[in-house]
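Both blocks below hold the same protein chain, though in two forms, and each is given as structure tokens: structure 1 and structure 2.
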Structure 1
Amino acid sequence: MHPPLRVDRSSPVPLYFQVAEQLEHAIRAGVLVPADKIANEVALAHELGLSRPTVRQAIQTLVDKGMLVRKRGVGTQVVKSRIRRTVELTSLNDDLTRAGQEPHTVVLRLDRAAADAATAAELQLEAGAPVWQLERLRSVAGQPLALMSNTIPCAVLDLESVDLSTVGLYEYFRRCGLHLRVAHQRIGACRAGAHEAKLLTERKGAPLLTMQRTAYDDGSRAVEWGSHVYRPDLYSFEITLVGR
């Protein structure tokens, strides 16, 4: 049967979101086990004192996350597999702290420079525009994990006064009211060069996981271009795909 769902109409949190949160929690906590069918939308709406579209919207958000599956004429079921964390528009720092780790970051470089042609093209700037060039080494449990090189247009943000060894880059973006909306990223592999090998305590020529990302603010302005390399024995990307 169902966990007791309740909604708080005085809360500023949208009703559909409250329902989605509770359902998600019930699934993660094991109250709802895989292949369980949840009550049909009409009944659920009546039970909660909500309208069907609202309940539908709540269910839809979980379907998008790959936690529920709808079948017309049948019902809605809990997906029979543990849900791993999706690749989201988050930084490595976010991911690690959320996983209960304690990342340690060393800022290797923080310069103002003029954008070269390739960087300017990625960030959709005119060549020579002033940009911040940032290079950081992130470790977890004493092990170097990632070498991160980022370029941010000076017009977007001032990085002079922030201590990026204690604050994640994306966290700082959020603090400045900068909302990332879209990002493109490419994941590949390469051979470690001498510089990378030394910093990551790998041998030269060792395989590394690479990620290049361009992030956009509200879809209008390129805000950040990052080129990262990871130690594959300590890090990998996990993605949940949802079809249809």
Structure 2
Amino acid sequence: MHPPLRVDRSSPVPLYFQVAEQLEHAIRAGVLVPADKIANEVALAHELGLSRPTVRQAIQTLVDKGMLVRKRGVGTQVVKSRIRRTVELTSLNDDLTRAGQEPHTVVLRLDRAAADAATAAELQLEAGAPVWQLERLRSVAGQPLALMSNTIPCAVLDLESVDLSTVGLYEYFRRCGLHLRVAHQRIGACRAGAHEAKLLTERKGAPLLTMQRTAYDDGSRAVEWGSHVYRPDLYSFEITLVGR
């Protein structure tokens, strides 16, 4: 349960914010850790002598920040911090490893196929050209984080000889002497279909982050087209903006 909380009614700081700030500090300090439960609204309101709407607003503030989650039949719990990814030409596997995380990958599909018109256009190929179609589910700390679909021209490299459950795709590119130099990337959002919802343990229709990327090597050849979806409660993109 949460550490002792106090409110100062003489302070100009709103009461809900005082409660939220103390809980946030406890989470950031490690006093409250992922999966720890917070007292329900009724108990917390009684403990602090506050109204339920005030307590509800405090909890909602931290839910909106991605620090707490409400689960039916379980209560309010501390969640794992989001994976924050800067927008640069790196792979998710590289970013997670660099952040000290231990990613777990399941290869759901790896097939040779003929590129359809849309895929061929993304990869600057003739329609019908042979491509690898790769789908993987990546998790961190037992939580599914991302569903990743990648298409790579067969002329670029052979994927049959590598275990992509233990080796990142970009890591394998580097091993094969393939150097990525530039990429065109689109970030957006979508609603989870049945397939995504099942694999990412989300409800159907839940919002998901999306990223689509076409990457080019140092010879300006399109070598990979990726279409990924991420759980927004565990993942975010960060962009630094500089004024001119």
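The model shown is predicted, which means the values in this text are computed figures rather than measured ones. Take the two forms, superpose them, and find the largest set of C-alpha atoms that agree within 1.5 Å; that set is the rigid core. Sequence positions of structure 1, starting at 1, serve as the residue numbers.
Here the chain appears twice, and structure 2 is the form predicted on its own.
The Cα position of G73 differs by 2 Å or more between structures 1 and 2 after fitting on the rigid core. V229: CA moves less than 2 Å between structures 1 and 2 after rigid-core fitting. Here the rigid core is superposed, and V13 then shows its C-alpha moved by 53.3 angstrom between structures 1 and 2.
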